[in-house]
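Next up: just one chain, as structure tokens, the form predicted alone.
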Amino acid sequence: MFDLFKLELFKLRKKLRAWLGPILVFLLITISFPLTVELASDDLKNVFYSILWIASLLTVMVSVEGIFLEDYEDGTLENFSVANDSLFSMVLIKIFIYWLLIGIPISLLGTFFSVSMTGEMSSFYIALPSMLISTYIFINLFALGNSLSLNKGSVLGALITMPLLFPILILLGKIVLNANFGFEISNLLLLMLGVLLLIIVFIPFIISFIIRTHLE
């Protein structure tokens, strides 16, 4: 399994545009928004978190668009599907590597921008954990959508995935709302973490089943 991890990490690192491009898109959105919208500083603080969530959502959607396509076209998925456990492990590792190279960097960048915009270190404890958890959830869900539309175009996958993302976006909004009013947000973060744990267990299994269905 460690050899598989090294192989998938090497493959994604070699495709510079696949992981660096989305990070640059995230930077462009977060930098350009304060420059293009005329808002008072207090108003900007209130809406900047929403921009972070939307920017991370779009970044993940762009980055995960072809997560399985190359392996599907060159026959790698077919080789892994021969062994029942190998395909599940590959999906699990591939999703984790995308989070490692894309999810974590944009979470750190988003946290830096949120602290810069608000001027308060409390933003660190809001932005970092919520972005780390939400980006991992986004990657899993968009990977699910792309597995469903593996040979039918990425638009279908995005349309299928969007309804699943709304509860997470609502939860992120509640975290910011509670933080603004001085309420405790740890319970909401634990709820998101619980959702993530369920997703980590079930989504790769579902994706591997869907991929096998495409290959049959």
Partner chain sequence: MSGSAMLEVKNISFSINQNRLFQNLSFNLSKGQAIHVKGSNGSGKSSLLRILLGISSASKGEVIWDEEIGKVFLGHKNVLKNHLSVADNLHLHGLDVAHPEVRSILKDLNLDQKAELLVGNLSYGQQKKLALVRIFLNQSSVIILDEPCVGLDDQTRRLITTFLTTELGKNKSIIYTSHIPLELPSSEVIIGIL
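Owing to the predicted nature of the structure, the values given are computational and were not obtained by experimental measurement. Residue numbers count along the first chain shown, from 1.
From this point on, the text means the form predicted in complex with the partner chain, which you will not see here.
The stretch that touches the partner chain in the predicted bound form, counting heavy atoms within 4.5 Å, is 65-73, out of 65-73, 27-35, 167-175, 182-190. The closest heavy atom approach of N79 to the partner chain in the predicted bound form falls within 4.5 Å. When contacts are judged by a 4.5 Å heavy atom cut-off, F10 counts as touching the partner chain in the predicted bound form. Using a 4.5 angstroms limit between non-hydrogen atoms, L215 touches the partner chain in the predicted bound form.
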